[in-house]
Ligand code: FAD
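Next up: a single chain in structure tokens, the form predicted alone.
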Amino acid sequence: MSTNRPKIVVLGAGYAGMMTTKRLTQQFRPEEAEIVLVNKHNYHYQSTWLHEVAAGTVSHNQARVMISDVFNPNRVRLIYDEVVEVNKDEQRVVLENSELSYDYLVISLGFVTNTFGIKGMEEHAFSIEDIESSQLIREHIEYQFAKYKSEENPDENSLNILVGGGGFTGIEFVGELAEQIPKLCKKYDIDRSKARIINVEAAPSILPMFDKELVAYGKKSLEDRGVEFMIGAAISECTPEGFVVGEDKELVKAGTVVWTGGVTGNSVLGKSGFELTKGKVNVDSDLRIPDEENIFVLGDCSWVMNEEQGRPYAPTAQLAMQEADVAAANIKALVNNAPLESFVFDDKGTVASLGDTDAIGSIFTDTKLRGLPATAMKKVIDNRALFMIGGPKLVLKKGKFRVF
């Protein structure tokens, strides 16, 4: 460790990175530690809102927050650069345009899309990864409508939207599309029946994190608004025309193809020589890498074991933000040679939106919500995340308030 105040470097300004940085500023006085936050962009984005940006129901500006609006650059050193590699032996982070030493390191670089080796998926499908990729999907969808309207003999499949994956992101995305597509049809004077929204899922059910009753409600709600489901239909290939699906290798054609079927930890982990399990790092109960005294890995980059169930916790925003509290406290403990605490997840429940006016959820002690109560709770959750990051000012500026 350096002889001066310890240098704490946080990589990534997602939910885990922003909250860790905030907690560190609360744990340490300016003279006690140097805090550095490294992020590719000068903004944080609400990753749980990206499906709305992709569908066009929320603007990209509402979903992103300027980092300098949250942290005073005189208090936290802000570096906008891309992380290339972490050199553990030299306690050094290699950036695209510079290098950075550290005494304590927090890796919270978020996720990248995992196509599970499906042929053509990476080349031919869009993915909801960040603000830019989500904007690209929105623009592409609208382009398809404008093109369809302007052509004399348009391709009848060009307005179809194929969404691969019936998990959280995929279902929330088709829920937003169910709201947005009728508006685009009206804008371009196109018959609503010309635009199909098709969700393809290999598993026997969508939304495996919810019980059958809530899933049935959610599926019917989406079907009533025009969403079609192909469940138990594995995707064997993605072509420029669409998905090759099922045992009979049916080609389902579409003008817009989006893959939401899986994510994994940032590729920097592998480049840095970390031992990976399915693309992520297994961390100890104190959120450090095994055998590394000063490196914490949080959020989508790590697996944290749920000892009761014998499997890792599902990567969610609430998990990442709770991890941040423990990581910051444990860095303070390391600096003061105090005992470290173990991470214990306090699961407050899960709510999935089905568009702007419908949702399903299970909160606290398995209290089930559906319809407008679930929609209201979803907005409360979104606003709470904003509040935790930037306080009431950020909620008033970026928050969601309309329920009906």
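A residue's number is simply how far along the shown sequence it sits, counting from 1. Keep in mind it's a predicted model, so treat the numbers as computed, not measured.
Note that the form predicted in complex with this ligand isn't included here; everything after this is about it.
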Worksheet item: Though only this chain appears here, would D286 touch this ligand in the predicted complex if you measure heavy atom gaps against 4.5 Å?
Response: no
Discussion item. Q322 versus this ligand, in the predicted complex: is there a non-hydrogen atom within 4.5 Å?
Written reply: no
Worksheet item: Any of the heavy atoms of E250 lying within 4.5 Å of this ligand in the predicted complex?
Response: no
Discussion item. Please determine whether L50 contacts this ligand in the predicted complex, using a 4.5 Å cut-off between heavy atoms.
Written reply: yes
Worksheet item: Since exactly one of I295, V268, V304, A178 fits, which has a heavy atom within 4.5 Å of this ligand in the predicted complex?
Response: V268
Response to the item:
Within 4.5 Å of this ligand in the predicted complex by heavy atoms, the stretch out of 98-106, 148-156, 218-226, 78-86 is 78-86
Discussion item. Can you list, in sequence order, the residues from 168-196 that come within 4.5 Å of this ligand in the predicted complex, counting heavy atoms only?
Written reply: T169, E172
